[in-house]
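First, one chain by itself in structure tokens, the form predicted on its own.
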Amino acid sequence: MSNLLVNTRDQQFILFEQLGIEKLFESEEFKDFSKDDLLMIMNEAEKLAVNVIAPTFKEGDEEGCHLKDGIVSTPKCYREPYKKFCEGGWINPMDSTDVGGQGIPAAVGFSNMELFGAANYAFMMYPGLTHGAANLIHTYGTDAQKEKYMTKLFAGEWAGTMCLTEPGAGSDVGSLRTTAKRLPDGKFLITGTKCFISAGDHDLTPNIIHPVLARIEGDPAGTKGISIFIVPKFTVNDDGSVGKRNDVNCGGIEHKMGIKGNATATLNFGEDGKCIGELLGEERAGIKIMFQMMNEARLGTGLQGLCTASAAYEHALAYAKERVQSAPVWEMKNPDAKAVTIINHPDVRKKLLWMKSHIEGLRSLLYFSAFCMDMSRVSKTEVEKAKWEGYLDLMTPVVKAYTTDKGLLICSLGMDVYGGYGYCQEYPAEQYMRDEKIATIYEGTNGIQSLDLVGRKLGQKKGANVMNLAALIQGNYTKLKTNPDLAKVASSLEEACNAWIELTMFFAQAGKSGDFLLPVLNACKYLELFGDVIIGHFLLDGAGVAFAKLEAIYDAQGATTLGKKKGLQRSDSDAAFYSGRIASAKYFANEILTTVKARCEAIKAGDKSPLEIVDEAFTC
């Protein structure tokens, strides 16, 4: 692709040919949209990503953020793009027109965000967190709070954050020490320190609104005693005008491996005992309320895994097509053989296909997750609505963890394609890898996502969500087994799916027998297996669609021989695309799905060496 960020042809394939989102137009919620409308929006998103945001990628990384005299400055190149981004209404196009949105399908919104994030994810974190904060107030705020804060947040006039983590309370949120003291007027004095706060302080907007978790004095310990508060950088008067500076100060910004254009701050609340906060929602409901923003952020982090990997792949592919190095292996004994572009070397081709197949599968997973939101909105019965919401609940930890784990591997392979040049700042490969790594850590480490999947999500609704997903996959491979060209790989999906279901039941039985440590010990492995199966499903489902489209092209062009079909694949862009989609599915099935059963059996063997080894024995 010429934009070197995202394959927009694949985006359209998933949305319109695989998911068939045009069926949404039949509903009341989306009746005013057409395919042309959505394609126009996607085209405008691509222009903004390529022409406005992407040029800030390297410059923003090199300049970084700086704290001087209590003021945090962002890269200068961010100022105008942020303004254009907000003026274009790109912060909340998926939201209702009642709050300034366009009401577009979430699946299309995700495709836009993939483009923006691939252009520069560090930049996109500012509006992304702002949307999350605005959405919290939209859902849980009073009318007065919505009037004071929400509208300006959705418009991007002010920015937002998410303040959970503290120096002594990271993953263990219940251990937080930030306190809230009641005031006679119903507001609260907030005292405490939050760290690792993305976009915590900056100069892109005149005000920043912080949703802050804190414990009201006298409330119980643990997560049950936590409330959430709106804490603005500058206080806001009842008439909406900005008042004096609140007692919120930046204690420092982190010097990080990547996403250097985003100001990751330590924030001190109430150093002078004057930090004013407003309760958001009910008292002691802070964790429940914040989970809305956390789940939104986890899906956004999954998008980070996809979009950074996508850009890394597109650049590596372009480099492989241009870089001339060595004669092909089949010409090694020919002293007159000429060097070829490295895409002709088998090992490079295999790396590229590994990257391509995973990216297409990850993109399908992300877009399907967004499609679940859309289908939930248009569902006509509570049962149907619950099914779509169940898919999303089950897959959210997988989206966050699997996508970012594989995204990091894709970025690493992208560097390998460049060879030594990939390790140098002359090319963008090393920055993609640096920017991507954090995605496996923040918004709940991938280990915690795995525990959430195994410990909570598998058992939701007595396992109904898992069974619904399994039925979806089973319907897919049953259909594909009737296709002679895809029957073999469909059988690989069937074997992998059955092995995954058996392992899931094995975990359930282990829990009932009291041996819960085995599922806990293997939670990360289980999540990866889960991801492999669902990605395999989406790739093979896409291959079935692509096969029918490709056969129609062959028939229309009278391509009956292998030679003519290969010729069409080289000369016809649609034929090339569909054949590439089929190749991705077959490769993933043979390379990944065929290993699932053996990996499941390894877990069921019950090895607990990591738990049984004494601490002293870890010494090398």
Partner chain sequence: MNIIACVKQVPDTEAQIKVKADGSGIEDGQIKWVMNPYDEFGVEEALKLKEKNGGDVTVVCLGPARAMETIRTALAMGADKGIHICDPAFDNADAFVVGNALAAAIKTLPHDIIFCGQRAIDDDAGQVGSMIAEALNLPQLTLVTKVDFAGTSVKVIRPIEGAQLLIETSLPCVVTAQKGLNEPRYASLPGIMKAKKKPVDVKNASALGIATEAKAKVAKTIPPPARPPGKIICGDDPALKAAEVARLLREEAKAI
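Computed from a prediction, not measured in an experiment: that's the story for all the values here. Residue numbers count along the first chain shown, from 1.
Omitted here: the form predicted in complex with its partner chain. The next part is about that form.
With the partner omitted here, the stretch from 590-598, 558-566, 61-69, 38-46 that lies within 4.5 Å of its partner chain by heavy atoms in the predicted bound form is 38-46. Only one of 239, 426, 87, 382 comes within 4.5 Å of its partner chain in the predicted bound form through a heavy atom, and that residue is 87. By the criterion of a heavy atom within 4.5 Å, residue 54 is excluded from the residues contacting its partner chain in the predicted bound form. Its partner chain in the predicted bound form is not approached by residue 551, whose heavy atoms all lie more than 4.5 angstroms from it. For residue 264, no non-hydrogen atom is located within 4.5 Å of its partner chain in the predicted bound form, even though that partner is not displayed.
Within this chain, residue 32 lines the site of its partner chain in the predicted bound form, having a heavy atom no more than 4.5 Å away. Contact residues in stretch 298-317 (any heavy atom within 4.5 Å of its partner chain, taken in the predicted bound form) are absent; none meets the cut-off.
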